[in-house]
Structure formats: structure tokens, C-alpha cells
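We begin with a single chain expressed as C-alpha cells, specifically the form predicted alone.
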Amino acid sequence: MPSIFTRIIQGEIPCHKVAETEDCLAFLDINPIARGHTLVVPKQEIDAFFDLDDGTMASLMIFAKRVAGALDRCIKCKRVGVMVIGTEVPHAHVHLIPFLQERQVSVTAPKLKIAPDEMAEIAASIRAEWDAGS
């Protein structure tokens, strides 16, 4: 059975897409811990991050670096943090989390409630930065 991320990649489930290449997709987390919290996934469904082959991992991280640059340019933050966490979705992924203070980057941080129209605006601004940086 395909993971929820595979279903998003295939277009079966909508998302707030911020960037895409042939091999990777980045979209806003629907349960963010920060404004602009983005998930970066390889299009190939592999359960565990460290099970990715070297080429896929390299392309995923280079893609994540470019997405982080777009986030940094449009979301007010000190840095964009990166975490490889999560076992709830059996599909390797990276969290990119813009933050002002390190304590904001925590798996136990409270989830934000962001309205769908604001999520769409955030995604559009990140996409614009992605396009400008390409």
C-alpha cells in the first residue's frame, strides 16, 4: 500500500507544494511546528532515511539545501533547521524548519494551526523564491 507521501507525489492527495524536481518533492507540513515547516521527500518510496541509496540521498539533500535557501529568503528566521525524524510515515523524509530560537525546533513543540488560505500564501511565496533561485 502506498504511503501518504507517495499518494501526495502521485497527486491523489493535495498538498501545498513549494518545489519539485524529477526525483524530489517539497511541500508544507500540515501539522507544522513553525511557519514554513516543509517536508522534503524523494519520489521513490523508501521507508528509512538511511536505506536510501547514495545517489538518492545526495540528490535529496542538495534539493533540501535549495529549498532551505528559498525558505530563508521568504520566512523571517535566524536559520532553517533540518531534522530527519518521524516514523509515522513509512517514507524517508527531511523536515526543514525555519526558526528564530533553537527551542522552536523540537519534536515536542506544539503544532501550529494555520488556515488553509495562509498555507497557500506561504507555499506561493516559497515557490516564488524557489523559481527565482533556480
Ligand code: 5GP
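Numbers for residues come from their place in the sequence shown, where the first is 1. From a predicted model like this one, the values you see are computed outputs, not experimental measurements.
Same protein, other form: the form predicted together with this ligand, not shown, and the subject of what follows.
- The stretch from 52-60, 98-106, 65-73, 81-89 that comes within 4.5 Å of this ligand in the predicted bound form, counting heavy atoms only, is 81-89.
- For residue 40, no non-hydrogen atom is located within 4.5 Å of this ligand in the predicted bound form, even though that partner is not displayed.
- Interface residue remark: residue 93 is counted as part of the site for this ligand in the predicted bound form, having a heavy atom within 4.5 Å.
- Using a 4.5 Å cutoff between non-hydrogen atoms, residue 30 counts as a contact of this ligand in the predicted bound form.
- Interface membership of residue 128, defined by any non-hydrogen atom within 4.5 Å of this ligand in the predicted bound form, is ruled out.
- Although this ligand is not shown here, in the predicted bound form the stretch 50-78 places no heavy atom of any residue within 4.5 Å of it.
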